[in-house]
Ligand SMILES: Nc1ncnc2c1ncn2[C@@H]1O[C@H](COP(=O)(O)OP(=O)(O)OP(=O)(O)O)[C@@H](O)[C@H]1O
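A single chain comes next, written as structure tokens; it is the form predicted alone.
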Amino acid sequence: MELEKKLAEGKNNVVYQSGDMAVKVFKEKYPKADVLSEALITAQIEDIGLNIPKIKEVSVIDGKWAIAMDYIPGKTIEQLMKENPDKKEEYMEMLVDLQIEMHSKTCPILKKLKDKLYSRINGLDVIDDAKKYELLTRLDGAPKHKKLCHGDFTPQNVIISDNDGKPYIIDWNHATIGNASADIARSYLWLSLYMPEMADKYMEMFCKKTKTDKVYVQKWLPVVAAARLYNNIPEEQGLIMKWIDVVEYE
């Protein structure tokens, strides 16, 4: 397999184009189990009615695990927002509508969102036991839903295809089934960190379209913020620690 052009680079992988495929090559010490899990999760979601790049193969390239999938030529919504600032709200509404469509699906074989959040929070050593107990108690009392949640739904993870103009959702390795408001809270947190001018508008638009009480989404913020600490991104920790305080929103 010839890796023709670098498309993107993340903390744990580099993505290349190879003909009609995009090949995600993981760093040498990235766990094999995590690679296979990502491929399996994506494969499980392929046939439920969303536009996503489909898995072609899993292989080893120069000693590194790799996942090959459909190559979607185009730009991410994040790129389009930067290039067309006057259309930010239009792209934001597209994101909200796409996330609502995703939440209308389910995939029961996936891991439960609550279980994933519980595991991450319980494993943290940067918050004290009392705070951890408050967060886990809040998580335990939240309603149990079975909606498809992306877990990292951001403008970076939606590509608008040059071929058909349709949006394609990428990077499904954090997908679970659970509460849609938790997934929105996770998107809101990312926007607060990297596109703060859009965060409140995004949440308000979702709540209006779905007739969801804003307070219901906000109650998830401390929980998803604590779970994000698991990623150990130093530049995020200041803001995230502020969100972790367990408060009741009015």
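No experiment lies behind these values; they were computed from the predicted model shown. Position 1 is the first residue in the sequence shown; the rest follow in order.
The next section is about a form of this same protein that is not shown, the form predicted in complex with this ligand.
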> Going by heavy atoms within 4.5 Å, which of 80 to 88, 125 to 133, 138 to 146, 157 to 165 lines up against this ligand in the predicted complex?
Replying inline: 157 to 165
> Do Leu7 and this ligand come within 4.5 Å of each other in the predicted complex, heavy atoms counted?
Replying inline: yes
> Quick one: does Ile72 come within 4.5 Å of this ligand in the predicted complex, counting heavy atoms only?
Replying inline: yes
> Can any non-hydrogen atom of Asn12 be found within 4.5 angstroms of this ligand in the predicted complex?
Replying inline: yes
> Does Gln99 reach this ligand in the predicted complex if we count a contact as any heavy atom within 4.5 Å?
Replying inline: no
> Between the options Met92, Leu110, Ile170, Ala180, which residue brings a heavy atom to within 4.5 Å of this ligand in the predicted complex?
Replying inline: Ile170
> this ligand in the predicted complex: within 4.5 Å of a heavy atom of each of Gly19, Thr42 and Glu57?
Replying inline: no
>> Need the contact residues for 21 to 47: heavy atom within 4.5 Å of this ligand in the predicted complex, sequence order, or none if there are none.
In response: Ala22, Lys24, Glu38
